[in-house]
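Taking the form predicted alone, here's one chain by itself in structure tokens.
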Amino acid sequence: MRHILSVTVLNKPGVLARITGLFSRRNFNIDSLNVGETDNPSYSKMTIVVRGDDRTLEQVKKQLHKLINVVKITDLEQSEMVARDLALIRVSCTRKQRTEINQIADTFRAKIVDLSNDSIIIEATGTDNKIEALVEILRDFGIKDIVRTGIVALSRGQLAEKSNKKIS
């Protein structure tokens, strides 16, 4: 089962290394990991996607809580969050294929961000399922390269306000 953890940490050198080290020492695999500074530069927020049963998740959370720079951990429920992934996809394309690829991109609300004689780069944002569906369709044209951010997520509206204390 997939779990998405939102982890607020002190914005200090080495925090990311300590957290990923904890995962590797405990033999937990990270599906995706994103880190970015919050509105308060003293803190960063990490979005960590892990797979495992509830027992594994509890073990991960207990280990994270032991780390001194971890301020807060939230297990985000699917129905109580907004989650997005971003992908840049370089696809082989001839001049004749540009219109078709552009139509596919439009269907997925993606954008063409670069164009050359033999390829096109598409920027797509959405759920991981949406990105996967777009990638599958573009495979027929020949994907030259792809890079993805992994999932970033936030709690929805009032749920976030109730569960998040103001960090100062």
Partner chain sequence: MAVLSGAEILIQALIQENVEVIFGYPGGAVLPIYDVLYDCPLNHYLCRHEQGAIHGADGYARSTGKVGVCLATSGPGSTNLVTGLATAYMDSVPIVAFTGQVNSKMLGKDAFQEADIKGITLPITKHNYLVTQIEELAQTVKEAFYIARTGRPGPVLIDLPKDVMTARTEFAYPERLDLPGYNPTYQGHALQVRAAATEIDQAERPVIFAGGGSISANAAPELRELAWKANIPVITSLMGLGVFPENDLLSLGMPGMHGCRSANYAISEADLLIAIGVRFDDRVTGRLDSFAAKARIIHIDIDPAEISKNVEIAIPIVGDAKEILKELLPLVKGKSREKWHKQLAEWKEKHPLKYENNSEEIKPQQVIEEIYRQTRGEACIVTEVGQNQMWAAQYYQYSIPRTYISSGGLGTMGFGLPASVGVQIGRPGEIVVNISGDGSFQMNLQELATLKNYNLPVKIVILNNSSLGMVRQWQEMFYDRRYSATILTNPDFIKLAEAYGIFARRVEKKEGLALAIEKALQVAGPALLDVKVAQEENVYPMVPAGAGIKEMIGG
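Treat the numbers as computed from the prediction; the structure is a model and nothing was measured. Residue numbers count along the first chain shown, from 1.
Omitted from view is the form predicted together with its partner chain, to which the following refers.
Remark: V147 does not count among the residues lining its partner chain in the predicted bound form, judged by a heavy atom distance of 4.5 Å or less. Under a 4.5 angstroms non-hydrogen atom cutoff, its partner chain in the predicted bound form lacks A105 among its neighbouring residues. Although the partner is absent here, V70 lies within 4.5 Å of its partner chain in the predicted bound form, judged by heavy atoms. By the criterion of a heavy atom within 4.5 Å, R156 is excluded from the residues contacting its partner chain in the predicted bound form. Contact with its partner chain, judged by heavy atoms within 4.5 Å in the predicted bound form, is confined among 139 to 147, 53 to 61, 29 to 37, 108 to 116 to 53 to 61. When contacts are defined as a non-hydrogen atom within 4.5 Å, none of R2, R84 and L134 contacts its partner chain in the predicted bound form.
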